[in-house]
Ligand code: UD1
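Just the one chain here, the form predicted alone, laid out as structure tokens.
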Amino acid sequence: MKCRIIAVLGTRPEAIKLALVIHALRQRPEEFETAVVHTGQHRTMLDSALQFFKIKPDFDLAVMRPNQTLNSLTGRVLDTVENACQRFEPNMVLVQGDTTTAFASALAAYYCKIPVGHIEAGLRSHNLYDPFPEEANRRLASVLAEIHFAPTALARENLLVEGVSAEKIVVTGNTVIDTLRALSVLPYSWENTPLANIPDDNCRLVLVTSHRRESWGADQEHMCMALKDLVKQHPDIRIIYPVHMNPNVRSTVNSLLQNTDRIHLTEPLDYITFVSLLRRCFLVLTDSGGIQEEAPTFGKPVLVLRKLTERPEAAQFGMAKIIGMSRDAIVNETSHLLNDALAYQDMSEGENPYGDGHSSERIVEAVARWHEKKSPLLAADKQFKLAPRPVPRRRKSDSQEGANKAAAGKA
């Protein structure tokens, strides 16, 4: 008997990270019958992504309302996903990540006594309010999940500490790396995109994204002033900032940065255009979780505009650095990478610690084995493992300083 799967998505990141999982399921039609549920938590940006990946939702729930609260959104997702479950009668509901769609869909499936597979499970900042509400959404989804698809070994350890059985955890890598690898071979052009009018004058491009709730207000203002400082201090850079649609973000950013020379504020980018910008940029300033995972694929150093991250692997591997939102820190850390070629090179080398491009295959194989009641869900040698990090180069001055200290110790 076929395994009936519902894959739920409601935001563009969920579509990007679930697209190849859905395609992998549908490439095994003798084993799986798959329905896609679109909650509509995001509308325009998600629809564009689904069209690009040629995914047509089987259920379009249209939960979005103007000025909605998290409470009202959660309630509508619960009601509408429950209805989809009753109509399709799945064996498993797959949810992705940390959105309200993911948590509320997991809860709806649980209420219907349908097992939940949680993709991108086990990420933790260990602060319930940073990121908000994503940290709580992830933890709550973990309580409800039957299978935990952890992207990394660290995410697996987080789940084990919380009491999740090892037999229910599969380390898969992150599915976004699958998507990036598939897209990176495609030709791209900035014609007819929001980037079309950016001069091609050999300036280094600094990509900025910032939209998190924790950053609204004073922190966002500090970041904007830091960006103005950077273009004044570095005449060979251009800053490209696709501005999030949220009015709390747009009002601050537009009021402080509009018409600033070499700071280009654009409308949000479709994903293929964003990937092309990520490939061409010099470095990234972001508070986005997803970009922390994506940038290492193209060897782009990431300065994380947050105090905490639930994705620490890039920082542990030296490919990212958490710097917060103070004006001085942003200017100093960005200038360091712009001015110091060796520091830049150390942050841009190595394999992506978040995945190897085979995450979707691992997830689908584990679900198939779960449905057939096979154990383990995936053999240990087939799960994702991090590649070793290259040893950072050391400066002559650093080596000399070490030698001086050693000599002083012997004296």
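This structure is a prediction, so every number in the text was calculated from the model and none was measured. Residues carry their position along the shown sequence, with the first being 1. For clarity, a rigid core is taken as the largest C-alpha set superposing within 1.5 Å between two forms.
Not on display, but discussed next: the form predicted together with the named molecule.
Visitor: With a cut-off of 4.5 Å between heavy atoms, is T34 one of the residues that contacts the named molecule in the predicted complex?
Guide: Close contact is absent here: in the predicted complex, T34 is far from the named molecule, nothing within 4.5 Å, heavy atoms only.
Visitor: May I ask you to check whether P247 falls inside a 4.5 Å heavy atom distance of the named molecule in the predicted complex?
Guide: Yes, P247 lies within 4.5 Å of the named molecule in the predicted complex.
Visitor: Indicate whether the named molecule has at least one heavy atom within 4.5 Å of a heavy atom of D98 in the predicted complex.
Guide: D98: contacts the named molecule in the predicted complex.
Visitor: Can you work out whether P133 and the named molecule are in contact in the predicted complex, taking contact to mean some heavy atom pair no more than 4.5 Å apart?
Guide: Within the cut-off, so yes.
Visitor: Here the chain is shown alone; which of R279, H336, R213, R181 has a heavy atom within 4.5 Å of the named molecule in the predicted complex?
Guide: Residue within 4.5 Å of the partner: R213.
Visitor: Find the only residue in L73, L230, L283, I263 having a heavy atom within 4.5 Å of the named molecule in the predicted complex.
Guide: Exactly one residue meets the criterion: L73.
Visitor: Pick from 338 to 346, 26 to 34, 359 to 367, 57 to 65: which stretch has a heavy atom within 4.5 Å of the named molecule in the predicted complex?
Guide: Going through the listed ranges, the match is 57 to 65.
Visitor: So that I can tell if N67 moves, could you say whether its C-alpha shifts by at least 2 Å between this form and the one not shown after the core superposition?
Guide: Yes, its C-alpha moves 2 Å or more.
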